[in-house]
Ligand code: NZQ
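In C-alpha cells, one chain follows: the form predicted alone.
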C-alpha cells in the first residue's frame, strides 16, 4: 500500500433477526421529535411500519411522517422534507427503507439548518456543510447502496437532467443502522438482483484502480466471491436467509469507506449510470448493469492498443487478476496451456457477463427507456472522473453509451 489515509466510521450497526429490539436504546439518545422517512408504502403492507412505530410510540416520541420517497429522490422532494423538518423542529431523521430513503435522509440532515439552496451548495458547488446537522438513523429494508454506513447522498434534478451524488464526511453518516435480513425477503426479484449488482459494482469501482499491492484489493476479491456465491443461491431461492444475510452484510462492507483506503478509485460506471438514470428514472442497479460491460471492455481494448496511456499496463494486469481471483479464469487456461493477459482480461469480463445474465439483470439502456436521441444529453450530464485507468473524453463517453444501448 502506497497511500496514507485516516479511517473512521462512526455508524453503529445492529444485525440479525432481532436487531429492531435495539432501536429503543438508540432513540433514548435523541429529543422527542422524530421524522419518519419511508418510500411508497411497502413497509405498511409487510408490517415493518407498524413494528417501527410501536417502538417510537413506546419511547414517547412525536412522530412526523415523511413518506413517498421515490427510488431516485428528487430535489423537489428534498425541499419538501427540509420544510417538514423545520416546521416540526425534528431531533432525529429515521429512514425506514432502502438506500434511497437513507440517501434522502442524509441530504435533509445537512439542509435543515442551511441558509443556502441545498442543490446549489451540495450538488453544484460540492461544498461541505457548515451548519448544524440533524442526526440520521436507518432501518434497512433493501440492500445494495451501502448508504446505511456511509455519507453518500444521491439526488436527482429532473429540471436539469442531473443525478448527482455527494459523499459527505463522518458527521453525516448515520448514527446507527438496524440490519434485519428478514426485512429484505419480500422484495421483488427485480429489485433484489438490481441491488446485488449495485453491491458488486461498488466493489469494482474501488478495485479497478491503482497499481500497488493493496490490502483492499484482496478484501474486494473475497467480497466479490462471497457475493457471487450467495447471489446464485438467492436467485434460485429468494427466501434463503443465510444467502440474503450474507448479501446484506456484503452490501454494507462494499461501500462503508473501508475498501477505498489508499485507493484512487474509479466510479465512472456510476457516473455513466447516474447520468442515464437522470433521463430514464430507471432502477439504479440496472443502469449500472447496462453500462458497465461496454465500459470495462473499452478500458481493456484501449489499454491493449499501441496508444495506451500510462495506466494501460496496470489496467490489463488488474483485469487479468480479476479474471483469475474472482472468476477462476487463468492466463494458463488456453488450449496450448497459455493465453495472454489481455485474453484473460476479456475472459474475466465474459464470465461476469454470464453471471449477470444468469441473475436476470437488464443488459442494455434501451430496455430501461433510453434511446439514441438521448445519448448526447446523457453524455453532457456525465461527470468525468480521473481516478481509474483512463480519463475518458466526451467522445469516448458517447461511444460507450452507444455500445450500452
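Positions refer to the first chain, counted from 1. Predicted model, so just to flag it, every value in this text is computed and none were measured.
A second form of this protein, the form predicted in complex with the ligand, is not displayed here; the remarks below concern that form.
With the partner omitted here, the stretch from 350 to 358, 22 to 30, 51 to 59, 37 to 45 that lies within 4.5 Å of the ligand by heavy atoms in the model of the complex is 37 to 45.
Taking the partner from the other structure, the ligand in the model of the complex has no heavy atom within 4.5 Å of any heavy atom of residue 305. Of the heavy atoms in residue 69, some are within 4.5 Å of the ligand in the model of the complex. Taking the partner from the other structure, the ligand in the model of the complex has no heavy atom within 4.5 Å of any heavy atom of residue 318.
The closest heavy atom approach of residue 142 to the ligand in the model of the complex falls within 4.5 Å. 152 is the sole member of 135, 152, 312, 238 with a non-hydrogen atom lying within 4.5 angstroms of the ligand in the model of the complex. A single residue from the set 73, 210, 174, 81 has any heavy atom within 4.5 angstroms of the ligand in the model of the complex; that residue is 73.
Shown here without its partner, the chain carries 10, 14 and 91, none of which come within 4.5 Å of the ligand in the model of the complex through any heavy atom.
Interface residues of 187 to 218, taken as those with a heavy atom within 4.5 Å of the ligand in the model of the complex (partner not displayed): 187, 188, 191, 198, 202, in sequence order.
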